[in-house]
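The chain below stands alone, shown as structure tokens; this is the form predicted alone.
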């Protein structure tokens, strides 16, 4: 069986999750569910980044012991996954022993290859990014990600010989689909060609929180060296069965702000450690409010759990995927959310299911007929969109079929038919609903379950998206979606 390994970025736990975290998890979950629907053996990983210096700072500000602080906040991210119906197979916390051991193992391996050496570092350091920035990267003297002036930091440090792998990394970046979309790949190629690669600091001195450098207990492993390793520590590097089965990862799904770390620094570490390189770095844009990036440091956070409680989980999942072209930034608006719920979910899909099942429930006898609708479904195109990670286009194409089926109902007017003519129309409607249920299941799993329950059938796979002879046990229940007044 074909395997598919997908990861999200692991989240800082210095504050509760916001809508941006929900967006990334929903995208990853949809991709994972789609591949399962295609009969693949999927492993889906998410988790929390707990060794960051800013976690310690946030805990200090709250007057709480750091470990207790990160445990409490990490739990909020696990709860978010449950609330959003995320189908992750594992949740990694970088304070776990299984991760600490692997992070130290790989640090030592790279050191023993003479790719890590002790030196001295000074430069502009953004505490929000937990990274040193060049003057070119600053905008009006501030970090563009966090809109804050960096501090000047000067300390002893261990360095990783990233520059040694410049040619190999550039060659990798120039391969067509290592970084997706192409615009994000071009950004990395341009930066590498213009600036070149410098060796990077991979330790911090005199910190109390973090993972000890295995060759010098006075240093902690730099959080970005440690954090990236979660992708292999969670699957049991180097000898675990999952590592042998699933590595290299098929997809690292990340936000555009950490593209450099994943598409340049992570391959450098993997090259040095003698490991296979991940197949795709898939980069999404930011959610914005009034055109501004959503972030804890910018104090414009939207709580996704409140939105789920108010509007429903599938409603939020549908909106975020449909509204935002993948790879681009998208502005969040509750009004836009309400409009899509009312028009596309309640009207288009909800009404289609309701009126089809009302007719089918009244019909006595087995529905039979000839296929009059499958030609309206472009499954090949939907698959192509999903392969290109254009989830918004795939969902749009599915909705074209939903609307074609609605048009079919309006044209046929089955409420005026009886006998074989009505049987034929109902056959087409029920088969279409079964197929729609399969196609929407990665995007809106609860909705798919509700449709299947009312049809009296089990969940299908992508291979079942064709008209067939299906036995239905119709039991119409509640509306799929309630309109927002």
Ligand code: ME8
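Residue numbers count along the first chain shown, from 1. Please read these numbers as outputs of a predicted model, since none were measured by experiment.
Just so it is clear, the following notes concern the form predicted in complex with the ligand, a form of the same protein that is not shown.
In the model of the complex, the ligand lies within 4.5 Å of some heavy atom of residue 49. Though the partner is left out of this view, residue 356 does not reach within 4.5 Å of the ligand in the model of the complex, counting heavy atoms only.
Within this chain, residue 385 is remote from the site of the ligand in the model of the complex, having no heavy atom within 4.5 Å. For residue 287, a non-hydrogen atom is located within 4.5 Å of the ligand in the model of the complex, even though that partner is not displayed. In terms of contact with the ligand in the model of the complex, the residue from 224, 125, 401, 332 that brings a heavy atom within 4.5 Å is 224. A heavy atom within 4.5 Å of the ligand in the model of the complex is found for one listed residue only; from 275, 228, 373, 180, this is 228. Every member of the trio 10, 21 and 294 reaches the ligand in the model of the complex with some non-hydrogen atom inside 4.5 Å. Only one segment in the set 150 to 158, 247 to 255, 82 to 90, 105 to 113 has any non-hydrogen atom within 4.5 angstroms of the ligand in the model of the complex, and it is 247 to 255.
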